[in-house]
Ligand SMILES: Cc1cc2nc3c(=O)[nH]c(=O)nc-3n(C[C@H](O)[C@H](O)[C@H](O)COP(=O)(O)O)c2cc1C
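Next up: a single chain in structure tokens, the form predicted on its own.
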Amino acid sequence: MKKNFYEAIETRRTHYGISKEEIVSDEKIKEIIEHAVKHTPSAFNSQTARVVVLLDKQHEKLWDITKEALRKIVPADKFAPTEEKINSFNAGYGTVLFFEDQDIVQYLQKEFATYKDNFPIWSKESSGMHQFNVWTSLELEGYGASLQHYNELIEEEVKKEWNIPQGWEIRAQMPFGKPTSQPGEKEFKPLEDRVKVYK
């Protein structure tokens, strides 16, 4: 049974334990990600979000690239926990890469100079919404996911490997797969400190 919107928001959690077991077809994964990208808002309807989905060996290649990038900066005697973490992402079914098209951002800055300083901010906000919508959509299909940010470490190698345009700036990586463990209890700060309502 499909969850409603409120349940989907509540049950979307960070999953580090994931496996390669198939839940839905690759075509279905493509369909739900395309739906999320198409219907997520952006400032001036600029549609700056760009998404790359890596499955199977391409997914594994990404985390091999990430592991080797980290090996260059993490001391060898402290590398084991880092390697274990990267291997946990590699154990998943696929990875969604999130980018923002900076060529469009820069064009809008020139066309609408009054809002010049805001377009990079709005681009980041839209990217965050895309990440949340894709993440929640994957969760609704039974996948667990997490959000990672190895951006500067891997960006050039990723662009080279998958022929990504230079104007696309990487924002996040989302490994996903069938959950193999459940996240722990989440603590919440008092809502009265976080939400104010006046009437």
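Just so we're clear, the structure is a prediction, and the values are computed from it rather than from any experiment. Residue numbers run from 1 along the displayed sequence.
There is also a form predicted in complex with the named molecule; it is not shown, and the following applies to it.
*Asks:* The named molecule is absent from this chain, but in the predicted bound form, do R13, Q148 and K186 each have a non-hydrogen atom within 4.5 Å of it?
*Replies:* Answer is yes for this spot.
*Asks:* Out of the stretches listed (60-68, 148-156, 29-37, 42-50), which one is close to the named molecule in the predicted bound form, meaning heavy atoms within 4.5 Å?
*Replies:* Every other range fails; the passing one is 148-156.
*Asks:* Report yes if any heavy atom of W135 sits within 4.5 Å of a heavy atom of the named molecule in the predicted bound form; otherwise report no.
*Replies:* The answer is yes: W135 has a heavy atom within 4.5 Å of the named molecule.
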